[in-house]
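Below you'll find only one chain, the form predicted on its own, shown as structure tokens.
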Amino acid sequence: MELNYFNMPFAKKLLKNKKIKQKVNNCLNFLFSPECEMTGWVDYPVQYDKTEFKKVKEISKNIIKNSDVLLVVGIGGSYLGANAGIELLKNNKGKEVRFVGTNFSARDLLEHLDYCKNKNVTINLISKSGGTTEVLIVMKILEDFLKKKYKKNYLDRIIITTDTTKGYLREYATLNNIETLTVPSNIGGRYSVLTSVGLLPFAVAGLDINKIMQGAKTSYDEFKTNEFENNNVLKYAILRNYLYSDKKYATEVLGSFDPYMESFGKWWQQLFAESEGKDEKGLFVCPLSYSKDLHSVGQFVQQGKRNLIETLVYEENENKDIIIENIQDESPIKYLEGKSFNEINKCAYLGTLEAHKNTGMPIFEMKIEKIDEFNLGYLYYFFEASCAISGLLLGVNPFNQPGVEDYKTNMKNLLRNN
């Protein structure tokens, strides 16, 4: 990945600042120390459980053989990463993967059930705690669905991904002899995409999980070994933190010119918002899909309040294309005769980049040669590591989410008292 940044004249000096280097080194030393909890993801690309990895492959082959659809039941970090990768790298090599349990909408769930009524289905229940309300509610409905469809053999159609030893789902799986995969106890949900949480849906969808892990390892190696000035993880974390803390920028948008990046943007949004949004601190993060959003939010980005940072992810070598031919002479787009969608998209990107640069807005440009499994794994780890360092520089714990519990407590109280 090539990382460029614009409208940050302070960058070179800042990245050489001895005090900044020392502060970052303190964050790194803490991140890799036993005192920092929930950091099993840090070395995961080189220390992942090979036996579990093999088990994921075996289970996925069985699902592909016996099912038309995998219903993944999870919310937040239990589905966003997997959904992102599957949407981005759609192919016809595996089976369809659908995500449920992401809301309390009866309409949404009923549509999924109606779709699956004449298909062979396996469900993957994902909850590290084993007690996520959305997951358990949908689990109950899907169990009834499977019982009617498969009678006594319905439990063979369930895979549970949860904590290694504890929680309701772990107990339920043990009691009913249900096949399980694990979420390592020292990895939080939003950092779990490279574990079985993401790997099983990836494999069922036909993605090459070996290449995903190779990409993550390459990103890990660069993060661990590159010198400070050449370490893109650290540069991104330092500069965005400086823009927030010293320059008082309030919002970061993640823009892409590939509509299939929208779900990846949602994963990125959760990662940073849930990691940094504490103690009344943190950038508000928002994914945008160009050129669609250039015709709506794009107006604000171009001419609205100057408190925005923009991060652009751009694929340089898209392999699918359409040539535009036989345009009528009187058509206002006659000048596009013989050009391709990729040419037009590239010019839209370059035109947007120039327009946004002209506003003085700080911009990060992340160029990816090709969006494939390798670079998907690379991006997952790159953003996880950047987020961790950025959160530590901010002075918050980037691995907990105490605010998420507030709505749950209120909801449960209302349901129990009515």
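From 1 onward, residues are counted along the sequence shown. Everything numeric here is computed off the predicted structure, so don't read it as measured data.
Although not depicted, the form predicted together with 5-phosphoarabinonic acid (PA5) is the subject of the following passage.
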Would Glu252 count as a contact of 5-phosphoarabinonic acid (PA5) in the model of the complex, using a 4.5 angstroms cut-off between non-hydrogen atoms?
-> no
Is there a non-hydrogen atom of Gln401 within 4.5 angstroms of a non-hydrogen atom of 5-phosphoarabinonic acid (PA5) in the model of the complex?
-> yes
So in the model of the complex, does any heavy atom of Ser129 sit within 4.5 Å of 5-phosphoarabinonic acid (PA5)?
-> yes
Using 4.5 Å between non-hydrogen atoms, is Glu276 touching 5-phosphoarabinonic acid (PA5) in the model of the complex?
-> no
Only one of Gln214, Thr182, Asn345, Gln270 has a non-hydrogen atom within 4.5 angstroms of 5-phosphoarabinonic acid (PA5) in the model of the complex; which is it?
-> Gln270
Which pick from Ile209, Leu294, Ile75, Cys286 sits with a heavy atom within 4.5 Å of 5-phosphoarabinonic acid (PA5) in the model of the complex?
-> Ile75
Only one of 75 to 83, 298 to 306, 113 to 121, 214 to 222 has residues with a heavy atom within 4.5 Å of 5-phosphoarabinonic acid (PA5) in the model of the complex, and that stretch is 75 to 83
